[in-house]
Ligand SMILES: C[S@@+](CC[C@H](N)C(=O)[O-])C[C@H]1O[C@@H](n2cnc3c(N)ncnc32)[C@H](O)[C@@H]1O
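So this first bit is one chain, no partners, the form predicted on its own, shown in structure tokens.
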Amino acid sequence: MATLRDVLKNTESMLHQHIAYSLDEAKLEARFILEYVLKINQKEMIQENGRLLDGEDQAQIQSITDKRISGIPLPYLLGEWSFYGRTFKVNRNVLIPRADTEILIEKVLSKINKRDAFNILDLGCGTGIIGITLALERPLSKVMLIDQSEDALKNTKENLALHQAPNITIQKSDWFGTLAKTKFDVIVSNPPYLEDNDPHLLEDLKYEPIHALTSGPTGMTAIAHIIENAKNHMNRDAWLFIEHGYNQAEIAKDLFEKNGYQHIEHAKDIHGIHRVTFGQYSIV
């Protein structure tokens, strides 16, 4: 039997060697794998680094590592991932939660006082991480999560059961299709925004669902549809927040302006890239 410390070092080495990660990235993923298999946290990993691991645990760690080396993203292998300080269930029918999306959460929360009761729509919710996070952070508000995919909504419901947010409703809808005249104070969306022939689809994104990634020849089809049609579902002075690609901020801003939104702003992600555009609609 090998010690936890030895298995961790070996896992780090394999990931670093075969996936061309930086050593820090390899260390992080190796830690996640061991924490998942051994059901321990980072502090326990340090305290128990001399612990002997049995063959079954070592075999599971090796199996996950081998699959990761083959290219399968770690969140899909673990079936879970962290977002905004919470763990969410993830399967291959939904996009992997990314830290870049946390700026979307921050900007929405900046417009909602904890003492206010807003009606919020998470449009194309996927895993449900955005809507569920907002519901937990602003418990007086009501949050509706919608998606057209039954598989995505199944994942959303699993995460809702995990986090027990009572102020959430879930509905199947192709964008605004089934919402009739329902109106909201905040609409937020992380829609598909890649071009249909984006080269990343054949590389680092090949395991993720293409319908949640691509949106026409310019990647702007869904974004344009949301900006144009959200107005019909917004209360006076409501806000629309959209996550988009690294090169779409000015295009998105132009669409916001053409559709009568005001107080339009951009927000940068953790890499310093304009990732979110948002604006307020006052004409109802």
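What you see is a predicted model; the values in this text were computed from it and never measured. A residue's number is simply how far along the shown sequence it sits, counting from 1.
The form predicted in complex with the named molecule exists for this protein as well; it is not shown, and the discussion that follows is about that form.
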- Message: Using a 4.5 Å heavy atom cut-off, which of 70 to 78, 125 to 133, 158 to 166, 196 to 204 contacts the named molecule in the predicted complex?
- Response: 125 to 133
- Task: For the three residues 2, 11 and 63, verify that every one has a non-hydrogen atom within 4.5 Å of the named molecule in the predicted complex; reply yes or no.
- Result: no
- Answer with yes or no whether residue 211 is in contact with the named molecule in the predicted complex, where contact means some heavy atom within 4.5 Å. yes
- Query: Is there a non-hydrogen atom of residue 87 within 4.5 angstroms of a non-hydrogen atom of the named molecule in the predicted complex?
  - Reply: no
- Message: I'd like to check something about residue 95: if you look in the predicted complex, is any of its heavy atoms closer than or equal to 4.5 Å to a heavy atom of the named molecule?
- Response: yes
- Looking in the predicted complex, any heavy atom of residue 119 within 4.5 Å of the named molecule? no
- Message: Quick check on this chain: which one of 182, 91, 82, 148 has a heavy atom within 4.5 Å of the named molecule in the predicted complex?
- Response: 148
- Note on the structure: In sequence order, the residues of 162 to 178 that place a heavy atom within 4.5 Å of the named molecule in the predicted complex are 173, 174, 175
